[in-house]
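Read the single chain below, which is given as structure tokens and is the form predicted alone.
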Amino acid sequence: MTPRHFLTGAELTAAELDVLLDRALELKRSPLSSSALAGASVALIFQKPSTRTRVSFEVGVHELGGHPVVLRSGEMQISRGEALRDTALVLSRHVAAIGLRTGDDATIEELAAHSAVPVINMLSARHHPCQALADLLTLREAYGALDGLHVAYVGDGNNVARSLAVLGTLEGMHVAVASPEGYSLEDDLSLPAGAKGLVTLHDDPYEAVKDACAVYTDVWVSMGDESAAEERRTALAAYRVDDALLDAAAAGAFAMHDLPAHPGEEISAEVLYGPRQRIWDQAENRRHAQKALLELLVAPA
């Protein structure tokens, strides 16, 4: 049987995403209620550093009754030139699924092309779909139905913003992205079939957050951007999420952040550690959303 991969989030239908979020809420209420991975192992390959992704996947696989096999690229033969095709063929004989946290999207696409088991994108240069699942779960907890919600993303139009747009529009959300010139999402963003929401691009963060129920941001200097750190900080300085920006959003709006955060740069310490955020809920929700995803891909009903 052809495996089902999760590389961008666009692989899901709107109906499947609804069911996945419902299931994630059930698993959050009862974390040990599923043994969907009993007797199975899941390979988790980390070519990039990780805190939340590693912990949430490793603990989540364990809670589903499975065994997480954590692999760092420096410990694998990939680091000595073994082909991704060979790696996929070998791992497929041992594990029920493969998660990969990598750089170039071509790497995960090649791994998936040769894998006989589901491949999950745990982060790539252009996409971070597992983070977006946790984001939607957090919004679902706060507001119930997602259809029609207006969420603003302020800052670098990166993989986090792109995945929020892809999966958010599948749920009927309006995702407004505010970025300076040179840092915005592409105008011709490819949205999934069945997307009923919309994405709007702005250069003014205050315009983007008007009527938004949540204001999202990410670091200004991501992994791989260190050589242009000061240039990026200068360009993004006006896109900080602070109390003033939240005041310009809808009443009761809260801040979101995928972490790690740099208080005083993309977000103020007062917001990051204060009552106007659900950032730590997002971090926890990675585990519950990914467990529901694993059930869907590895042990569908």
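Numbers follow the displayed sequence, beginning with 1. None of the values given here were measured: they were computed from a predicted structure.
The form predicted in complex with ligand CP exists for this protein as well; it is not shown, and the discussion that follows is about that form.
Chemist: Select from the listed residues Gly65, Pro31, Pro49, Pro263 the one whose heavy atoms reach within 4.5 Å of ligand CP in the predicted complex.
Modeler: Exactly one listed residue reaches within 4.5 Å, namely Pro49.
Chemist: Considering ligand CP in the predicted complex, which of Thr138, Ser115, Ser179, Gln131 comes within 4.5 Å of it through any heavy atom?
Modeler: When ligand CP is considered in the predicted complex, the option within 4.5 Å is Gln131.
Chemist: Report yes if any heavy atom of Arg162 sits within 4.5 Å of a heavy atom of ligand CP in the predicted complex; otherwise report no.
Modeler: Close contact is absent here: in the predicted complex, Arg162 is far from ligand CP, nothing within 4.5 Å, heavy atoms only.
Chemist: Can you tell me whether Leu259 touches ligand CP? I mean in the predicted complex, with a 4.5 angstroms heavy atom cut-off.
Modeler: Yes, contact at 4.5 Å.
Chemist: Ser268 near ligand CP in the predicted complex, any heavy atom under 4.5 Å?
Modeler: Taking the distances in the predicted complex, the answer for Ser268 is no, it never comes within 4.5 Å of ligand CP.
Chemist: I'd like to know whether Arg286 contacts ligand CP in the predicted complex, with contact meaning heavy atoms within 4.5 angstroms.
Modeler: Looking in the predicted complex, residue contacts with ligand CP include Arg286, since a heavy atom lies within 4.5 Å.
Chemist: Among 91-99, 166-174, 123-131, 194-202, which stretch has residues whose heavy atoms lie within 4.5 Å of ligand CP in the predicted complex?
Modeler: Result for this chain: 123-131.
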